[in-house]
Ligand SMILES: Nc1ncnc2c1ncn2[C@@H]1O[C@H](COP(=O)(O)OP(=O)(O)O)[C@@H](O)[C@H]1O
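In the form predicted alone, a lone chain appears below as structure tokens.
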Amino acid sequence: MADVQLTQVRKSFGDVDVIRGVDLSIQHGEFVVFVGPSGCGKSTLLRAISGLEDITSGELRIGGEVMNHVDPSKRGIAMVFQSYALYPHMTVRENMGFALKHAGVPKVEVQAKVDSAAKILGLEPLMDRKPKALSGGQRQRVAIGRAIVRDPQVFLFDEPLSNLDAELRVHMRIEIARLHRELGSTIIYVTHDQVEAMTLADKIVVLRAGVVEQVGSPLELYDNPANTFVAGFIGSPRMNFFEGKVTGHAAEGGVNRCQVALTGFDKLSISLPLQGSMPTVGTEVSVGVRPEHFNDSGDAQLPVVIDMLEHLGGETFAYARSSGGVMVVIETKDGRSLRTGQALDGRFEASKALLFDKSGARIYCND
């Protein structure tokens, strides 16, 4: 079984700690995506799993076997890089079969594996071409095919779509998702693109400064982020955050509510339904509201003026500002009737707002 287990894995370069005590369990057949901003350690962690970087401390197991000091070629992994790294003088067929040929695999077996991978990836008409005669997407498929023929326990992808244009990235996401369904293999995939992560992953690992901030399914992370970093990173456009202070508590119709005075809005308080322990009066908090949670029937409202409208056809994003200069992003289906400079009451459902403390940690008390 191609499960991957990391226990207190650390990686340092001299005095610089890049990976700082990562514990992670990846099950056989899972599609796991490492995501985070540049410099968060996601590619370094992937390279540590592959063996291209030594682990400073901790333990790595693949298929139950300790791999800390095992040569990369013997770990049962295959890696696809951001750069295609194809041999320019070789045909597609030769590129895909090179590693097997170099390992002394019989010619007939190499041919069978290459043909099988080519069929999966739709490369059959291109087998006699050289890389210069291929598009970017075709070259990336060849690089993936080169990994498939090795029949690895685990596929490692390091930002494989970064060099492609937007339309081709969407197409290749579909291809990689289909490939995962067909092969049923364990895939660990690195990207800085949270849309890519949401599209492909069974499980997302959000990293910041070498530390795992949260692990979960795409919708778990979207609906229940552990802190403001995850809440702001997952979702496009990002979640709105409004600073404020708890001013009181009340019980209405059997529901406990917390009054929060928002900073940057003229004498504006909102009432949030809560359960569990109430934050004390005077506590500084952040209220998180996603752009799509604004609607005409919302029970809370933010008076703003529209700075800019982003029309995307079926939806419009209004970039607006409060009287105190707080930026608000509002998704609306009625964008054609809006104008720049227009005053707008941004109504949202208070029950869907998330509450965070001053440190950014989630206060898990929303109804």
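Since we're looking at a predicted model, the values are computed, not measured. The numbering used is simple: start at 1 and walk along the sequence shown.
Separately, the form predicted in complex with this ligand exists; it is not shown, and the next lines address it.
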- Of the residues Thr316, Thr44, Ser50, Ser322, which one places a heavy atom within 4.5 Å of this ligand in the predicted complex? Thr44
- Tell me, yes or no, whether Cys40 is in contact with this ligand in the predicted complex, where a contact means a heavy atom of each within 4.5 Å. yes
- Would Leu355 show up as a contact with this ligand in the predicted complex if we use heavy atoms at 4.5 Å? no
- Item | Contact flag, Leu344 vs this ligand in the predicted complex, heavy atom cut 4.5 Å | no
- Query: Do Leu24 and this ligand come within 4.5 Å of each other in the predicted complex, heavy atoms counted?
  - Reply: no
- Options 56-64, 32-40, 303-311, 335-343; stretch whose heavy atom lies within 4.5 Å of this ligand in the predicted complex: 32-40
- At a 4.5 angstroms cut-off on non-hydrogen atoms, which residues of 10-29 are near this ligand in the predicted complex? List them in order. Phe13, Val18
